[in-house]
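In the form predicted on its own, a lone chain appears below as structure tokens.
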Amino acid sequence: MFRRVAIIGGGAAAATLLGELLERRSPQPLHLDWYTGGGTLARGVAYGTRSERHLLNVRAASMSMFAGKPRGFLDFVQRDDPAIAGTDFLPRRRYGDYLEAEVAHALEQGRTHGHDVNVIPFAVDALVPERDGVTVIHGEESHQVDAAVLALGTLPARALSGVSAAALASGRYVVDPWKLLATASMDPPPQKVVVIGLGLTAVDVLLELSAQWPQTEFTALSRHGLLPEAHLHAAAAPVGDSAELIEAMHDAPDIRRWLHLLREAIAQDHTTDWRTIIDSLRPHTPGLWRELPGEQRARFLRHARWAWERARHRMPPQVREMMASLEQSGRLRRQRGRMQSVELVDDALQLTLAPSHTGQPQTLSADLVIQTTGLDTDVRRTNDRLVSQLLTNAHILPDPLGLGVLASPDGHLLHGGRLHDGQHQDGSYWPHLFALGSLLRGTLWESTAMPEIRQQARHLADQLLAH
């Protein structure tokens, strides 16, 4: 077993692994160094919001922190309000409360079991992995550990290409919407706001700012101009396990073929909502993704990702109704297009859109532009200091499609070696360096939501504590 382990990251993924390790009675006491990077423990970006308008997009019964305690979150919220049902979509703020409570309980359990835990509110500057361990460096201090786990969550937001330096310097182009939502302190509020992106992050931004700025008009820009799909009001369990569909997809790892099979399955089963068919694929997605050749993965990202994300990451029904109301009031307009550039013109920003099929350029003017393009996993372009150091020293390899890092399915980080068709060939990996969560998206695809993260954390804890 690895007795001394460093967990790097302060969000939900790191907290879940910490809990898995401390809840168990290991043969020998553990020494855990948890580098949280500052901020509120466990909440991270996802659950740091305090707004009641920001809801979980998964029902309460499916949001337990631990794979072995499926009712964990539901039991937590029902202690305060027994009327809450497992099918409810609750505020993310409440989930952050739950994470904090579970971390406090895990730390207490750890002390009871004789473990030594150091919660270090600093970021790690560098890692030096070797065959017999990992050196962790922060500031002028360095420590040798038996294993280190990268659970970094989302990488720091970067401005999209085409945004001018003057636009950024003006403060009217917002790269990180969560900092803005924490204050929304603009006096007077802007009259015209353009939001780039139409995923779940954009929905959160639009709901919050439209309430705080009641006179502001919003334009939401995306390639297809479509909002995420919505969950059904009532939970629907799949009527089958989609075994035939999944077997057919395994037999033909080709995106065009997969889309045909999905459409066919949805059209044939008139008794089942399409959402249940999409959800039935979720446990099988990592295996299907691993079988998909590199050029097919690239084709999916170019042509089908937007549609998959709309269908897979859905809005709660009450959020859909609020968004519909915002549009019907005339305060929100959705527009199809791709941003080409953003320039500062006088006291406003001017967005130039890529020419449409008509060949005519379009421009939009705004007092404020907010980038809401969601999770960034492209380690090749990040300004995260630790990730950049690991890449520069060839300690990790980037996924060729910008989906995190190359790793084995069990989380070992790969290094060196050759690439063929987007796949790692020689299987060389650090025996003591692991990743958890969003950095594994290129390996597993489904790797950003709690149902997957808690399974990863459980399996990783098994590895770290194995004899």
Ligand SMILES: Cc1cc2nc3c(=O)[nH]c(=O)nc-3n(C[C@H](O)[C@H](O)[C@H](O)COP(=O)(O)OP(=O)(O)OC[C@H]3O[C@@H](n4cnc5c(N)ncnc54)[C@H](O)[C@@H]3O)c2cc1C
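Values in this document were obtained by computation on a predicted structure and should not be read as measured data. A residue's number is simply how far along the shown sequence it sits, counting from 1.
Omitted here: the form predicted in complex with the named molecule. The next part is about that form.
Among the candidates 376, 116, 327, 384, the residue which, in the predicted bound form, approaches the named molecule to within 4.5 Å (heavy atoms): Looking at 376, 116, 327, 384 one by one, just 384 meets the 4.5 Å heavy-atom criterion.
Single option in 152, 368, 203, 220 placed near the named molecule in the predicted bound form, where near means a heavy atom within 4.5 Å: Looking at 152, 368, 203, 220 one by one, just 152 meets the 4.5 Å heavy-atom criterion.
4.5 angstroms heavy atom contact with the named molecule in the predicted bound form for residue 398: Because no heavy atom of residue 398 falls inside 4.5 Å of the named molecule in the predicted bound form, the answer is no.
Any non-hydrogen atom of residue 37 within 4.5 angstroms of the named molecule in the predicted bound form: Result yes; residue 37 sits at the interface with the named molecule in the predicted bound form.
Contact test in the predicted bound form: residue 449 vs the named molecule, heavy atoms, 4.5 Å: Heavy-atom contact with the named molecule at 4.5 Å: present for residue 449.
Proximity of residue 306 to the named molecule in the predicted bound form, heavy atoms at 4.5 Å: Although the named molecule is absent here, residue 306 would stay clear of it in the predicted bound form, with no heavy atoms inside 4.5 Å.
Triplet 258, 281 and 440 all within 4.5 Å of the named molecule in the predicted bound form via a heavy atom: Looking in the predicted bound form, the three residues 258, 281 and 440 all stay beyond 4.5 Å of the named molecule (heavy atoms).
Proximity to the named molecule in the predicted bound form (heavy atom, within 4.5 Å), stretch among 185 to 193, 123 to 131, 108 to 116, 343 to 351: Result for this chain: 123 to 131.
Residues from 1 to 21 in contact with the named molecule (non-hydrogen atom within 4.5 Å) in the predicted bound form: 8, 9, 10, 11, 12, 13, 14 sit within 4.5 Å of the partner.
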